[in-house]
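Single chain ahead, by itself, as structure tokens, in the form predicted on its own.
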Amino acid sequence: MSEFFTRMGDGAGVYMTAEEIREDILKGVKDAADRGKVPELTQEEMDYLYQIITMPGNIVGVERGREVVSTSDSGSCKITYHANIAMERSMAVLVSEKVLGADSVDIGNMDYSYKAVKQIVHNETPVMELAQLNAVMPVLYGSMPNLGLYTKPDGPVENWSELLPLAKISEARAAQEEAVEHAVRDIVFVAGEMYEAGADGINLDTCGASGDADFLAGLLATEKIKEKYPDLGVEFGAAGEFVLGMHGKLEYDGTKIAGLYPHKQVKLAEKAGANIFGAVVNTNTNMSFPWNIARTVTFLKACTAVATIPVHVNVGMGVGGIPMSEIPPIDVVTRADKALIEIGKADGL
């Protein structure tokens, strides 16, 4: 019985039979369809996914003409602190463009949060100006809403993670609502400064990391940015496949935010005025790559089917079917990319 080399969700290599791969594909599809209440992949799509997973060669690629654009959050920083190459960020932008062939990239501070950036924005704008002077590709400025930074002792509001275990539900909700106001104000302020510095767009990264209030902060900030700077692009990236209900009652445009999966998250991002939506599906490290990628493609296909703005699926470590490892293995990364583009209909990566 022939076996095929693939990976587990933590990146470990494993050999699986054709039957095992097909079984995990079906289980992954059904898990996503059940959780998200979305359609399953067709049998033809699952058969093609099997072909992608079992293709010979270490690296696979999309069919000619099916190429999509790529972007990178905190891309200029990754060269400096991931590759440990001492390089000024605007120079790293040029390396990303001219050497690595990136289609767009964002400049972010090492402390990748708008609250922290607000204090040093006068040091950040010259970096953006220099990058814009030399780069041809779009250069965005990116950070996270990171609502948790607004809690005491470093921030002005009470910590809802401490209040909730004490059953102080109303106080915890009030603290989150107050934090949203602070975050929106900081994000819009930084966006305005970057707009003046020539930024092509703003990347709101990992919206929802602190729950539904965090996601709401991203939506409201997007809305205000588009009102004040209509020609400034906004990339709205989610934090997870569904929004955690840390507050539980927050709504945007009449829709409760908690519990939304990508196909519903994207509709709120559209209403807020986002130009690009970054869909996220989490990787389960205990499950195989066939299970994870089948699940991811099922969620993504449902998302792109209803989206009216481009969907750039997040394929970083631990999301998008990619294993949770510091350096994701290229064999499954390229297979994930191909599946997400050709079956999931991703507009970008």
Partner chain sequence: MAHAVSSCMSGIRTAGDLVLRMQLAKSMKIDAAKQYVADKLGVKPIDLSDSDLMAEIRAKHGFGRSFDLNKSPKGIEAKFNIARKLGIKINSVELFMARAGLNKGGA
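Residue numbers count along the first chain shown, from 1. The structure displayed is predicted, hence computed values, not measured ones.
Below, we refer to the form predicted in complex with its partner chain, which is not included among the displayed structures.
Engineer: Taking the partner as it appears in the model of the complex, which of 178 to 186, 78 to 86, 213 to 221, 191 to 199 has residues with heavy atoms within 4.5 Å of its partner chain?
Structural biologist: This holds for exactly one stretch, 191 to 199.
Engineer: Can you pick out, from Asn282, Thr54, Thr285, Ser70, the residue that has a heavy atom within 4.5 Å of its partner chain in the model of the complex?
Structural biologist: By the 4.5 Å heavy-atom cutoff, the listed residue in contact is Ser70.
Engineer: Which residue, Asn109, Asn275, Ser90, Asn159, is the contact with its partner chain in the model of the complex, using a 4.5 Å heavy atom cutoff?
Structural biologist: Contact with its partner chain in the model of the complex is made by Asn275 alone.
Engineer: Gly13, Ile25 and Ile293: each with a heavy atom within 4.5 Å of its partner chain in the model of the complex?
Structural biologist: No, none of Gly13, Ile25 and Ile293 comes within 4.5 Å of its partner chain in the model of the complex.
Engineer: When the contact criterion is heavy atoms within 4.5 Å, does Ala18 count as touching its partner chain in the model of the complex?
Structural biologist: No, Ala18 stays farther than 4.5 Å from its partner chain in the model of the complex.
Engineer: Quick check on Ser104: any heavy atom within 4.5 Å of its partner chain in the model of the complex?
Structural biologist: The answer is yes: Ser104 has a heavy atom within 4.5 Å of its partner chain.
Engineer: Using the partner position in the model of the complex, report whether Leu41 sits within 4.5 Å of its partner chain, counting heavy atoms only.
Structural biologist: Result no; Leu41 lies far from its partner chain in the model of the complex.
Engineer: Considering non-hydrogen atoms and a 4.5 Å limit, does its partner chain approach Val29 in the model of the complex?
Structural biologist: Output for Val29 is no: heavy atoms all beyond 4.5 Å of its partner chain.
Engineer: Residue by residue through 297 to 312, which ones have a non-hydrogen atom no more than 4.5 angstroms from its partner chain in the model of the complex?
Structural biologist: Going through 297 to 312 in order - heavy atoms within 4.5 Å of its partner chain in the model of the complex - the hits are Thr304, Ala307, Thr308, Ile309, Pro310, His312.
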